[in-house]
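Have a look below at one chain only, the form predicted on its own, in structure tokens format.
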Amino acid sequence: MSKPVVATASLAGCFGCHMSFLDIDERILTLIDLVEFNKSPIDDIKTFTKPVDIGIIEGGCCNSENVEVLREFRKHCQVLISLGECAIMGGLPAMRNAIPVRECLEEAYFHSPTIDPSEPKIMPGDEDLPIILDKVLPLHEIVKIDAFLPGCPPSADLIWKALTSLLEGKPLDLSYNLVKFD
């Protein structure tokens, strides 16, 4: 019997949600017995090699590459989970949403304290660089999301409970003590 397949990715964020995922500690051994990872930093597979039962994405979308990765996940994943505040609401990266992108780039590349004023000011513009979006977007504004796991980062217990519920075919019944923030 084949195991359910899980894929994970990190977009515009700090990778803290993946760190929280790893904080399930010894339960990771149980999880490895229950699922197969595909396209995840956990197993270092870079591309989808089969259909995925559960996709988990942290981080918002701040550039064209993030949007492309998110759309690929939606295409390949039966269930797609938005993990953490950056994925759900844009998080800290969305703090730039009140400032025009051009101003953000000028501050970073022309006015930063680490810029030598005697050096020429160059704005990166290589065609291989992803195009920066005008706003950092939460995942559900781009694709359909099936479940939201809040937190910055969500607790390891919340992630564990959500995954095991989905794997057992149970509805996500996440109690208050798993999602409270204090």
Partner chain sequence: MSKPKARISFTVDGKKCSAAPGQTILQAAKDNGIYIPALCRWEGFKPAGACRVCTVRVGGRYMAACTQPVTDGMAVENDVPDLQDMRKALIEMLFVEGNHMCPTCEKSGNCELQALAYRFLMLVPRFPFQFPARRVEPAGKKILLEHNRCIKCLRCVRGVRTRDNKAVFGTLRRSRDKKISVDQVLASALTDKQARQAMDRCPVGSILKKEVGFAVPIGRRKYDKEPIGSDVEKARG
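Since we're looking at a predicted model, the values are computed, not measured. Numbering follows the first chain given and starts at 1.
Note that the form predicted in complex with the partner chain isn't included here; everything after this is about it.
- Each of M89, A98 and S175 is positioned with at least one heavy atom within 4.5 Å of the partner chain in the model of the complex.
- Only one of the listed residues (K121, R27, K50, K135) places a non-hydrogen atom within 4.5 angstroms of the partner chain in the model of the complex, and that residue is K135.
- Residues with any non-hydrogen atom within 4.5 angstroms of the partner chain in the model of the complex fall in just one of 50-58, 125-133, 148-156, 111-119: 148-156.
- In the model of the complex, at least one heavy atom of E141 sits within 4.5 Å of the partner chain.
- Taking a 4.5 Å heavy atom cutoff to the partner chain in the model of the complex, the one contacting residue in 65-87 is E85.
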